[in-house]
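Structure 1 and structure 2 below are two forms of the same protein chain, each written out on its own as structure tokens.
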Structure 1
Amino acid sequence: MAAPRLIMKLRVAALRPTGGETLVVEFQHPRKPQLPAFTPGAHVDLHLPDGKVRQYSLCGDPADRSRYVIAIKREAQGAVSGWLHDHLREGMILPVSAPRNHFPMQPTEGPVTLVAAGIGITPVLSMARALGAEGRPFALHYVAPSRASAPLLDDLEALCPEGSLHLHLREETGARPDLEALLATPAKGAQLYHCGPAGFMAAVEAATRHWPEGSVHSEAFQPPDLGPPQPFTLRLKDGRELPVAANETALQVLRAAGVPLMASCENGLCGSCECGWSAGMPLHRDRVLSPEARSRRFIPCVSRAEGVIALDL
């Protein structure tokens, strides 16, 4: 079971608009000069007054512990993002979790390629900041329809060393980038990190299938769609078997059975409800666990199983 996360009451210190109907929000602690450290690719949970919890990548400088910076895109069907855009004000206090990182950078001596589309630039931006501070060369490919729709573009142009930022703007090229050609030949020891909308993520994954195992890393803002859910059964350590209907989640059934399990996003993106499994055939629908971790760990808010799965609960 995941350990509880520290929740801090942080003050909205600054707000500024950026491209693509995106709001940059800076948080500071009202009393303490430093916040818990974070590494590039980390995110925080933002707890809203109505009880909803949303995850946002930290896009600030990991070396600057005086503040956390996130960017919130106003989504057409997003009631939460709309509320934040309309109601956040400087001086407001909101509960914010300590950072967690499911998208960490890996140690490597090889070249680093960063690829992002739209609001997917947020975790990638913190990576670019860290690489630039270390003096390590990198290439950052940023895909967007236009300059006006590209969040945080000014930040990128200010921090990226000359020649490292490659913009792929459809208003200038008239077409989407050829990812197959762009990512055709990985250099020895190369590492690639990518983030963006589902279609873009799938295109990058298809273009990098020939890259060495463990060299391509991603973070998605939505869990994968694996088709309509089917019923299955949970087997607990005390011998109980709990049926999960097609319209229920394993997390809901566990809660109803009195099994204490933490949860936050309930969308398979934060890992708060993670538990172990020991037998069965899980159907992993999360975007948190590594391929290796999936051989023993399970995210019950979204993942399912075929038949019976034995949980370490």
Structure 2
Amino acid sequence: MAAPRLIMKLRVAALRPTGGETLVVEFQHPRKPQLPAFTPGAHVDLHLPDGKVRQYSLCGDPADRSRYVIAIKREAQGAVSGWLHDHLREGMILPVSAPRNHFPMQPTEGPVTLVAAGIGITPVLSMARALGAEGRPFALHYVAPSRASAPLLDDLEALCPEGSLHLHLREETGARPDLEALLATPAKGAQLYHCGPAGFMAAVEAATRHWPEGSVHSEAFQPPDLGPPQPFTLRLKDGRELPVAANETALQVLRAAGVPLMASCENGLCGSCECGWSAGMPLHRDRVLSPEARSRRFIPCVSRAEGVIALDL
């Protein structure tokens, strides 16, 4: 589960159609001139009236904090995208979360290759904007069936410096691009960022398997599928093993065993009961620890484990 983010009621300030049955939506805050900052690759959550939540990458300029720009493709089976296309109007208020970035650019100096297909262009567009603003060279490969089906193509052509945008349109080439050939030779220190449909991303992964470790990055919006709670076991520093039944929390078991631990919200939010773990396979279900902290910290009021987990208690 992701950590909480502020939800703001933002106003739809502008709407415009772009290629590929996609709607570009610009949000502004009704009262504040500045929105929370974002970095290239970040996304926001849109909260819909029926309670559904959808994530959309920000494709605007990270230096412009007066607005958030997203692009919504009308998906054939997508009830949400269809509803948004049919119902969004300028002036409407919609709850939008503060941005979060699961697809950040690495702080490197080397050359950057951006690869996107279809609506996967959205996070890549904000990356291209940031690189352009810094005057850093980059190559952007954009794959789409045709000009008409390529979202945000006008924006790309306006912002990409001469020679940096490489269009791969099937209507012109008659074939899918040869990614293996295109990405055959990584330049020294190069970083690659890619986003698009699952099949496309798998093809990019296959074509870059020989790139140095840590040089290929992609966007993955895949919330873990949390099944029903399973029993597991806590091992304490004194060697005691405490079984946690499916209907119990680790915190309850620790309390019953007399282990002193602060607790407040017991919802995985406040971090009061945080402790360390040293061995095992934790199933983190809190909304407070950072991904980095999860490698050694544990929130026993909500998090569980597979098998035995050793805690620093």
Partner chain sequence: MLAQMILQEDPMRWTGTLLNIHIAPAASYEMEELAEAQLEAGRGIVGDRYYLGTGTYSARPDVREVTLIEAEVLEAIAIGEPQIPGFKGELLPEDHRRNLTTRGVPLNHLVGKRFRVGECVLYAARMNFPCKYIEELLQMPGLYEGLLNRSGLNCAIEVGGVIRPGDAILPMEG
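Each residue is numbered by where it sits in the sequence of structure 1, with counting from 1. This one's a predicted model, so the numbers in the text were calculated from it and none came from an experiment. The term rigid core refers to the maximal set of C-alpha atoms that superpose within 1.5 Å between the two forms.
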Worksheet entry | Number assigned to the form predicted alone in this pair | 1
Discussion item. Rigid core superposed, CA of L140 - does it shift 2 Å or more between the two structures?
Written reply: no
Worksheet item: Quick one: core overlaid, is N267 moving 2 Å or more at the Cα between the two structures?
Response: yes
Item to complete: Inspect the rigid-core superposition and answer whether the C-alpha of L283 shifts by 2 angstroms or more between the two structures.
Response: yes
Worksheet item: Taking the rigid core as the frame, how far in Å does the Cα of E306 move between the two structures?
Response: 7.6
